[in-house]
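First, one chain by itself: the form predicted alone, in structure tokens.
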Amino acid sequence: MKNPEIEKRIKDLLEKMTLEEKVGQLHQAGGSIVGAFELSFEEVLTMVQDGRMTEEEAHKMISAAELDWHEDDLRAGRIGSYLGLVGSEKMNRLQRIAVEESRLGIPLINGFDVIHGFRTIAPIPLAESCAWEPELWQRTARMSAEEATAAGVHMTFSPMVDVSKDPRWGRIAESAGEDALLNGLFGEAKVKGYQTDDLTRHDALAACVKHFAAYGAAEGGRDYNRVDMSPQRFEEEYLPSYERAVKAGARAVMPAFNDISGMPCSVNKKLLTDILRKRWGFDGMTISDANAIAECINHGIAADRRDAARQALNAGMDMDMTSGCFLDHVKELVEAGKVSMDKLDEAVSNILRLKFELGLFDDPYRSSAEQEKAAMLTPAHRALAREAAQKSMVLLKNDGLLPLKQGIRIGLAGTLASNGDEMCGTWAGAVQPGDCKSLRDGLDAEQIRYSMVTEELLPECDVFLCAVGERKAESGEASSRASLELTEADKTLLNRLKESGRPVVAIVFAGRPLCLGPAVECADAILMAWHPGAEAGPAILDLLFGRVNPSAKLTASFPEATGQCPTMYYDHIRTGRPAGKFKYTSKYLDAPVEPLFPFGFGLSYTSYQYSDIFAVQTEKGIHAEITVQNTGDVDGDEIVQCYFRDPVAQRVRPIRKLAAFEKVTLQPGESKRIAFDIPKEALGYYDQDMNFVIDDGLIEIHIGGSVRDTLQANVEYHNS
């Protein structure tokens, strides 16, 4: 509900603003590098994305260069926001120009990609989602907000809640995997952690949900590619995660680069107005992705930048990230009657509302250099990053080798074992060299004996720790891959270690699921470490030596081969000829039907037994219960997963659908009764005519430790 006092202040300010000043509020600017030529922050980003510049070169250029922040435009009221500005002193200087030297004194809002940490880097979102722990997700968001706001950031372009079923897409690293419920809960927790319940707090960070919508369904897993799907699938599998994050109170939304069935999201009125504002009641700010409005020309939906600006603003876009289309053309569009003054005022109001909600008009200078320094990489933040990494790493294989015994002699192999900077992963905030600890750093800190494997030498040791996988630049934006196989160098290294006859632990660093068949063949144990962040090395050792019992479970399926992608993900729609031994069924001739590691899978150093499943219809839906017992000899956290299946419906339905989950701590021999309440709305779907329906009839409830390992109870469901 809108705050009446804020709405009055917005109205009063709008009455004082010139047309030019209103247009200026719609413009988000980036810094330009001063030199013989003009090179904006966005142009540097583009050069990194298309391979003309490495991330390291870009970081070196931007950090060493003097940037032009267009102060004259700021004084003239032609800038409403900045992108990528880091540093409290720098932000306060520019804020002072906006507040004290522009005619109306409207403060700036500074946006930055705080995706999984600012200086203290947590695991990438795909990794952290494997903890299945909303409370953890909220705490790491709070950590990120405390650091980012101290450095002058007001808004983060996070959470990303794009359901991602194709690991070839590099940005799966930024998502919570292939399930809509998990992505929605992840987004909800992040929004609450970033924003708190009081946006005027100096450490409150406005959340911008992205990428609206269905960006994770880009065809072929190619970034920026088309999305084409049925309206039923769109509503059931992709929209719910955005809605949940918006309903959690996110104050900004970023439309996606992609088109949906031929209409780019940046100019998509159905998305930005009909669904977001009218259906969901969103009254925050929308902001384009970088240069996305201008790219509508490339899409072929706009004739030129002026036309793109007209379509975007009329569709419901409020702020233009760095393309300059709004700044250059909205004034003339309003004067020509192509955009109404009411539409412009609506967009400006949405931007001003967020600035008022953040308290920037009354308290524009949010931090100092001393506060900024004190907020970064604190012991408490490092401890949280270590906990998050521990809870995110998935034990995929263990032939009894783990946990390792103290005093064991280690042979350390693989270049990723020694490079801490590679541990941060994609979009790692304002991380600096040396912030993140490698596996080797962890061994050194604990004075654990190890010897390095070289091309000439396999040292004498009791076990090999072999680091394989992806470097940080090989996942994330503009990092789609046609092959998810391990490199030839990694496969050769694994084979060489196996042939030694000594046990091997494969530690996989990556921003996406990889094809790990060679690791399964060669290694006695596999730990999926992902890109685990600042405390990578210490957290890995905590798990390897059994100081922490692995509990994480996959939120995305791992394919046997790249050609399976998108693989038979857990909630795949059933076919008329399900895979079987008979040739004429839905399968590949040269690959298994099922993924190598399924959704929900993850091993522990203990074992769990499920029994006594029960389910019954209630007034609000279905109530289900099951008993879980720790049948091993160490404490453990088990992620209990509850799925349902509608075997006969008016439209083809998924094999299974995640309805709920709970992480439970059990001591050896201990049993607990776990209960789930599935709301009846979760059982519904859209029929052929886009009516939302809930069927009478049999509903199967499946509860267990992964999608492949469950007990079943049946409920004869009746609508009343």
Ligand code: GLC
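Start at 1 with the first residue shown and count on from there. Remember, it's a predicted structure, so these values are computed and weren't measured experimentally.
From this point on, the text means the form predicted together with the ligand, which you will not see here.
Might I622 be said to contact the ligand in the model of the complex, defining contact as any heavy atom within 4.5 Å?
-> No, I622 sits far enough from the ligand in the model of the complex that none of its heavy atoms falls within 4.5 Å.
Hey, in the model of the complex, does E477 get a heavy atom within 4.5 angstroms of the ligand?
-> Contact with the ligand, yes.
Determine whether any heavy atom of A529 comes within 4.5 Å of a heavy atom of the ligand in the model of the complex, and answer yes or no.
-> No - in the model of the complex, heavy atoms of A529 and the ligand never come within 4.5 Å of each other.
Does the ligand get within 4.5 angstroms of any non-hydrogen atom of E146 in the model of the complex?
-> Flag for E146 set to no.
State the residue from C424, L443, L83, A214 whose non-hydrogen atoms include one within 4.5 Å of the ligand in the model of the complex.
-> None of the other options qualify; the answer is L83.
Could you tell me which one of Y238, F597, Y608, F157 places a heavy atom within 4.5 Å of the ligand in the model of the complex?
-> In short, F157.
Among 251 to 259, 488 to 496, 401 to 409, 546 to 554, which stretch sits within 4.5 Å of the ligand in the model of the complex, heavy atoms only?
-> After filtering at 4.5 Å, what remains is 251 to 259.
Would you mind checking 260 to 282 for residues with a heavy atom within 4.5 Å of the ligand in the model of the complex?
-> Contacting residues: none.
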